[in-house]
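Only one chain is given next, in structure tokens, and it is the form predicted alone.
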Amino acid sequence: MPISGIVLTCLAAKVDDVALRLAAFDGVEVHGVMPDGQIVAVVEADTVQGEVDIVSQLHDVEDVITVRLAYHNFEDV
């Protein structure tokens, strides 16, 4: 099972709203919200393609500027 840590950047004024929208995605868990517009989250899916699909959708969330991969791991179930 692939698991990735990601850091998203958005406008600082929108960070709390964006974090709520991200947390509504299946497979996304928000772990930190920084006042400068950075959001730390974990993405988990059954397959690599599933994970790629989730991250691709995060790029399209309104007010998200960047999505960066910070960590990636495959865990056996």
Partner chain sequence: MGLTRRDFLKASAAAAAFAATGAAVLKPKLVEAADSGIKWGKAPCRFCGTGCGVLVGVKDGRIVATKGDPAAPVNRGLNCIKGYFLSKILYGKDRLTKPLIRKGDKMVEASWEEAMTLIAGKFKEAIEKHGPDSVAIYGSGQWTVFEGYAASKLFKGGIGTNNVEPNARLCMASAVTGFMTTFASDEPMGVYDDLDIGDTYFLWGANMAECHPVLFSRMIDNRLKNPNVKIIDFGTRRTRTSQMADQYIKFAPQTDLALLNAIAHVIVKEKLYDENFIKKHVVFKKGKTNIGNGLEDKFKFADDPKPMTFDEYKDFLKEYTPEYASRLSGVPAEKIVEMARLYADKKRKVNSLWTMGFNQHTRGTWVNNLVYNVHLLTGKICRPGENPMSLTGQPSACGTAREVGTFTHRLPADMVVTNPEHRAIAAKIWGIDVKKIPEKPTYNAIEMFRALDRGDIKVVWTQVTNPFQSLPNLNRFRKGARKGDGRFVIVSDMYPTKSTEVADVILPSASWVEKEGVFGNAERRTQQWYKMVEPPGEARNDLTQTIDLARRLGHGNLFPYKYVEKEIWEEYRQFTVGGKDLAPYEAYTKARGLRWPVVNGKETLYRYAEGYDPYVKAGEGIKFYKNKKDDGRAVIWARPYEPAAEAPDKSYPFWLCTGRVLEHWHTGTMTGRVPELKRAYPAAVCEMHPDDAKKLGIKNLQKVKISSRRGTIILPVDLNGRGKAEKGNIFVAFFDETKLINELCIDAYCPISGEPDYKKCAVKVEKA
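All of these numbers come straight from a predicted model, not from anything done at the bench. Residue numbers count along the first chain shown, from 1.
The discussion below concerns the form predicted together with its partner chain, not included here.
Of the heavy atoms in V15, none are within 4.5 Å of its partner chain in the predicted complex.
In the predicted complex, at least one heavy atom of V55 sits within 4.5 Å of its partner chain. In the predicted complex, C10 approaches its partner chain with a heavy atom inside 4.5 Å.
Mapping the unseen interface onto this chain, A24 falls outside it, with no heavy atom inside 4.5 Å of its partner chain in the predicted complex. Counting a residue when any of its non-hydrogen atoms is within 4.5 Å of its partner chain in the predicted complex, the hits in 1 to 28 run M1, P2, I3, S4, G5, I6, V7, T9, C10, L11.
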